[in-house]
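There is one chain below, alone, in C-alpha cells, taken in the form predicted on its own.
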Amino acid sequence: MTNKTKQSFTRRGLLKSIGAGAGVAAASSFVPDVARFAHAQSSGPIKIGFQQHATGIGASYGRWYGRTTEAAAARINAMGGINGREVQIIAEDDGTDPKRGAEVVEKFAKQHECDIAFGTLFSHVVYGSAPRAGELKLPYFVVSEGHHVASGALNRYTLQPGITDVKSQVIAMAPFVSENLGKKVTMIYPDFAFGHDHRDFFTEAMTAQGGEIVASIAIPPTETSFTRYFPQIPRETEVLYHVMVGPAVLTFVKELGEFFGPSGPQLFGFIDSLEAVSFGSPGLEFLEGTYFWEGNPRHAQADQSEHDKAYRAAVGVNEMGASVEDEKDVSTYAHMFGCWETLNIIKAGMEASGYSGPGDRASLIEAVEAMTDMPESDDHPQGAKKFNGKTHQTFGHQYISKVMDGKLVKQHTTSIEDGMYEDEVDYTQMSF
C-alpha cells in the first residue's frame, strides 16, 4: 500500500462513503446541475468505459445493463459526481465476443483515455478482455457471475465487487434443492465458461448434500432448437436444473414444456433461462409451480424495500419487472442491479482514494480491496454484501422464487454466509 493511499482513506471512511446516497429517491428527481462541476472543470469528467453487449447473444442483457448504467450515472452526477467531477459513460459494443472485447478495452485505454473499464457480463468475454486490461493497467470492473475472478485466473486489475459468482450462488442454494425438490439431478447448461461453472460447482455442492448429478447436458450457446437434447435426460431424474442464455431462451423453455407435457421432474431453473422474457408468454403455462433462482426478485414482493422501490423508479421498471414505457419490454432484473451497485462502489473507491487521474489507479484498486461490509441501501438495493478484497469477489443474498399464478413469489432467501467459500487467491499480494 502506498503512502498516498494510507493518507487518503480509512476503513471507517470507506464504510461512510459506501453508504453515501442512502435515502435518495427516484431518478425523476436526479437532475444534473452543471454548476456542481464548475470547480472541477480543469480536471474534466471521470470517463468510464462501458463494455456493452449491444449485439450478439448477450444483447438483451446489454440493453438493460446500458439503461441501468445511465440511470446510476445520472444519480451520481445529480449528487455532485465523483470528487466534484462529472461521470461520463463511454459505451462500446463488444458483440458479446472475446476478441472484440479485448479490442474494446484497448480502445477505452488508448483512444478514449478512460479512467476505468466497466460492465462486462458474459464470462468468455471477461476471459478474453481481462488480460489486456491488466497489460494496459486499466482497472476492469466486471458485472459477470463467473468464478473467473475469485478463482485467481485473472489479474489484480480485474474486480467483481457488485454481483455474486456462480460458485457462491449454487453453494447457497443446493441445500434448498436437495431438501425440497429431490436428490437425483440432470443439469442442462450452456457450453462455455459460465455453464461449466454451474456444472462443476453445483455437482460439488449437491454431492455434499448427499445428492447426485445423473446427467450433464451441455448445449452450444448459439443453438436455436433444443428438442433433440431432451431424450438424454435419464428416467430417474427427480430435478431438472436448467440455465440457458441467449436469444433462444424462450424457445428452450417452450420446447422443454412440450417435451414433458403435464408430467416430468421438478424444475429448478436459473432465471437466466427467462431473463427479458415475460412469464405471460404463450406456452409457458407449464412453469406454474416450478422454482427459479433470482439474483434480484423481478416481481416486487410483499416485503419490498424502499430501496428497491427507489431503484425501480430510477431505472424505469414497474412492479412486474418490465419497462414503465412498454410492459412488453421485460428487463434483466436478476442481473442488471450489478451495474448500479458497481458504479456506486467505484464512486466510493475513488472518493476514498482521492482519485484524480490514471496515476491513482493503483490507489483506487487498493481502496476497493479495503472494503468489507456493504449495507443494504439506495446504493445497494439488491441487499447487503460482504466484499473480499483478497479475491476481488463480493458475497450476497440469493433468492429462490416459485411461479404462482404467473408471478415469481420469493420462497427462500439465503444468508450471505451460506454462499461463502475458502479463498483461492490473494490478489493483494500481486504487484501492479
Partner chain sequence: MEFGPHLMLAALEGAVTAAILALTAMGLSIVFGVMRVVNVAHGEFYMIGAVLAWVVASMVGVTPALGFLAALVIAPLVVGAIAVVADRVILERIAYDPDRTIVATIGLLYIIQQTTLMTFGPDARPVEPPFNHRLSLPWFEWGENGFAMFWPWGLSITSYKLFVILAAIAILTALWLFMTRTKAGLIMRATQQDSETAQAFGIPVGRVYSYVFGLGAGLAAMGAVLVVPIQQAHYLMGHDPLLLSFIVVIIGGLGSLPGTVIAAFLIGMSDGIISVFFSPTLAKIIATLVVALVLVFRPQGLMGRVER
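Because the structure is a prediction, the values reported are computed rather than measured. Positions refer to the first chain, counted from 1.
FYI, the form predicted together with the partner chain isn't displayed, but the following is about it.
Contact with the partner chain in the model of the complex holds for all three of A54, S60 and R235, each having a heavy atom within 4.5 Å. The partner chain is not drawn, but in the model of the complex it has no heavy atom within 4.5 Å of P175. By the criterion of a heavy atom within 4.5 Å, T251 is counted among the residues contacting the partner chain in the model of the complex. With a 4.5 Å cutoff on heavy atoms, E255 counts as touching the partner chain in the model of the complex.
Within 4.5 Å of any heavy atom of the partner chain in the model of the complex lies no heavy atom of G210.
The partner is not drawn, yet in the model of the complex one stretch among 261-269, 137-145, 289-297, 343-351 has residues with heavy atoms inside 4.5 Å of the partner chain: 261-269. A heavy atom within 4.5 Å of the partner chain in the model of the complex is found for exactly one of T224, N180, Q111, Q304: T224.
Put simply, of G84, G316, P247, G128 only one has a heavy atom within 4.5 Å of the partner chain in the model of the complex, and it is P247.
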